[in-house]
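In the form predicted alone, a lone chain appears below as structure tokens.
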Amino acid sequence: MSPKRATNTAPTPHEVGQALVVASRALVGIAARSLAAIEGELTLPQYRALVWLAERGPSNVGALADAVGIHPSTATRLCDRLVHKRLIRRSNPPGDRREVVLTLAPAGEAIIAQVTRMRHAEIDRLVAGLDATARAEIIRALGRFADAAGELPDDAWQLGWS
């Protein structure tokens, strides 16, 4: 149940933060359930690496390590596993055998699409219970929040699926 405000004054940043933390617990639960469907196939860091490549496109191991928050040697091992699973590809740009470029393979795209579909289905089910005004307010508020956080909307990803 969401917290109720006692007054009609503007909420403080802390109150907004509290509401977002509560909502984030619900979203984390949805994310966990969608990832459970691929349990055993990928670790969370591996999935995060796939998502980052989907969002940003071809990359090198160092940039991926920074984005996922792991050491470059750990990222190299993570990529070894993803290449072995045929979820990403490694290649060398023409004329530069030292640089390695990582790209998402079709099987990696399929996993991200599957998890995303599952998340959307559960969220759609929950949002269907809200009236039109509440849905519009959520879109505006979360859009502003995502902008402030520097997040890309789904339609801005490299893959561009809907």
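Think of the rigid core as the biggest set of C-alphas that the two forms share within 1.5 Å after superposition. Since the structure is predicted, the reported quantities are computational estimates derived from the model, not experimental observations. Residue indices: 1-based, along the sequence shown.
Below, we turn to the form predicted together with the DNA, even though it does not appear here.
Peer 1: Given a 4.5 Å cut-off on heavy atoms, tell me which of 50-58, 66-74, 104-112, 122-130 is the interface stretch with the DNA in the predicted complex.
Peer 2: Heavy-atom contact with the partner occurs in 66-74.
Peer 1: So, in the predicted complex, is R89 in contact with the DNA at a 4.5 angstroms heavy atom limit?
Peer 2: Contact check for R89: no, nothing within 4.5 Å of the DNA in the predicted complex.
Peer 1: Answer for Q46 alone: is it within 4.5 Å of the DNA in the predicted complex, judged on heavy atom distances?
Peer 2: Flag for Q46 set to yes.
Peer 1: Decide whether V100 counts as a contact residue for the DNA in the predicted complex under a heavy atom distance cut-off of 4.5 Å.
Peer 2: Taking the distances in the predicted complex, the answer for V100 is yes, it comes within 4.5 Å of the DNA.
Peer 1: Following rigid core alignment, is the displacement of the G95 C-alpha between the shown form and the other one equal to or greater than 2 angstroms?
Peer 2: Where the cores coincide, G95 still shows a C-alpha shift between the shown form and the other one that is 2 Å or more.
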